[in-house]
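Below sits a lone chain in structure tokens, taken as the form predicted alone.
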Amino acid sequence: METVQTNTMTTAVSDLAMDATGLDDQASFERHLSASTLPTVWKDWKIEFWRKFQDLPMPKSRDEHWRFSKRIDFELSSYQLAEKPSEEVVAEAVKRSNVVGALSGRFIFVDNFLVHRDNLDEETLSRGVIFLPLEEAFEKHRDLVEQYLFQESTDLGSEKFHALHNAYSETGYFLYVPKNVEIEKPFVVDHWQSAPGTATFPHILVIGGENSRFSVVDVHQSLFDDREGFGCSVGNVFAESGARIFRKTVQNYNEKSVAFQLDTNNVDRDTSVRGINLNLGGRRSRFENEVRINGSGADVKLYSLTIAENDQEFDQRTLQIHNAPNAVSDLLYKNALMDHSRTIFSGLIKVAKDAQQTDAYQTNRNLLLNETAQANSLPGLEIEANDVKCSHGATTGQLDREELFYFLQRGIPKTIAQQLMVFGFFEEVIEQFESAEMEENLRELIREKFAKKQLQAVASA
């Protein structure tokens, strides 16, 4: 990466910083840079990404990668980096970080601040596992971290937001599991937003050495329902030969928030990589997931569950790239939509000329709970090889009226009936979490969402 000297900008920090407003404000960035304790080389990267952010245009709904998205109706000037949270806020965040109980290690972040950590035990450390906050990892294992830090980006339309993320991001974590090491319990990280107008930029680096085996869980949430937030997360997974990595992500921001999750997966020979996303929150949520299969024998499974209500919009863009022969990728995204909500799925499978014997699938299924909900699907194939099995499909349907009538006739409220039918629709993916505790906790999050909907229905009756 080309470095840029910080002298000009750091010495230019001026009285403008005192008037700093939103994320896209030059003075805000200068103030952030001035306050940063990162090493100079990292600050140089920040400046480079800030300039890239400024040069890139704001996406528009007519852009192909933003097709069917509503107008991007949020202003980056509305969000700022928050001050350190109070002890009361920290205590509440720690108390509510309970999606996973049995774990190998845990970090809890609030408004970009690390507020709690459960370190690895001595045995795990002795096996060479590194699980550290990003800045600390860079300080202690710089040669290793630099191989991966800021090296990846999706190519699916959010390059401007990716550059903004890299310009501001300092928090997140670095997870490295060495060759032949298997860790049974998951690594868990909770990312909270608490202050009004807070912008958070979690940066996630996961590296699985040869024949390693482990799982990691990321949970993004709002601590309060009435405070707007902007969450822009970047996650990069690198799976070396034979690695088995399972990444699980929950997005449960409040409905005043805007969320971006921009993920990449680099997959080598004979690896098994799985990813599951549960999407519940956010007023506008954009999820980009790009997979690059670079070794034969790889097996990639991607799942996503989304429940949309009111005027929520969930925009999902995926890219499965097969660069090597004899590999498998299978994607299944399921969406349940209520009220006036919208979902967009745009996925592409690309098979290179030499990636013969590829098995690649892509399925998007949508369940409409109201006639005013809208699901858009754009699956696609781009195949250069001539000996492959690839398919894609999308279905959109209403609730079965006879089944719904059956529930209503037995005195079951409509919202509860819809909840039961959605659980039936989702169950094949929920079972993939492979953790009874987590599966039940996620079902509870879904129940809470329907419970709020039922209260709204009662209040408006």
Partner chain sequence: MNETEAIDIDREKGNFRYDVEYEYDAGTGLSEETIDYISEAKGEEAWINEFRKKALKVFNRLPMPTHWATKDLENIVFENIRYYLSQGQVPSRSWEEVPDEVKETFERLGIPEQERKFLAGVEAQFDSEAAYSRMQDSLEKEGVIFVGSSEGLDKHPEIFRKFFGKVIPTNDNKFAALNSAVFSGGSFIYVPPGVKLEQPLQAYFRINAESFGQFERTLIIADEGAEVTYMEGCTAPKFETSTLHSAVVELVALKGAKIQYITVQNWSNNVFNLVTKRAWAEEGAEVKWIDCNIGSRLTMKYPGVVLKGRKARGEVISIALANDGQHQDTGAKMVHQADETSSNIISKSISVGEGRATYRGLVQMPEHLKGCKNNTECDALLINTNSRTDTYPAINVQGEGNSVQHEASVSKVSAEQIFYMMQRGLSEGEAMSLAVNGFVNDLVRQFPMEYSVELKRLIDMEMEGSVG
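Since we're looking at a predicted model, the values are computed, not measured. Take the two forms, find the largest set of C-alpha atoms that superpose within 1.5 Å, and that set is the rigid core. Numbering follows the first chain given and starts at 1.
Heads up, the form predicted together with its partner chain isn't pictured, but that's what we're talking about next.
Across the options 140-148, 308-316, 348-356, 239-247, residues that bring heavy atoms within 4.5 Å of its partner chain in the predicted complex belong to 348-356.
Among heavy atoms of residue 392, some come within 4.5 Å of its partner chain in the predicted complex. Taking non-hydrogen atoms only, residue 368 approaches its partner chain to within 4.5 angstroms in the predicted complex. Its partner chain is not shown here, but in the predicted complex it comes within 4.5 Å of a heavy atom of residue 68. Of the heavy atoms in residue 377, some are within 4.5 Å of its partner chain in the predicted complex. Contact annotation for the candidate site: 373, 382 and 397 all lie close to its partner chain in the predicted complex (heavy atom within 4.5 Å). The contact residue chosen from 181, 328, 388, 94 relative to its partner chain in the predicted complex is 388, the criterion being a non-hydrogen atom within 4.5 angstroms. The contact with its partner chain in the predicted complex, taken as any heavy atom within 4.5 Å, belongs to 64 out of 64, 55, 434, 428. For the partner-free chain shown, just 401 of 400-429 comes within 4.5 angstroms of its partner chain in the predicted complex, judged by any non-hydrogen atom. In the core-superposed comparison between this form and the one not shown, the C-alpha atom of residue 52 has shifted by less than 2 angstroms.
Residue 414: CA moves 2 Å or more between this form and the one not shown after rigid-core fitting. Residue 401 shows a C-alpha shift of 2 Å or greater between this form and the one not shown [criterion: core-superposed Cα displacement of 2 Å].
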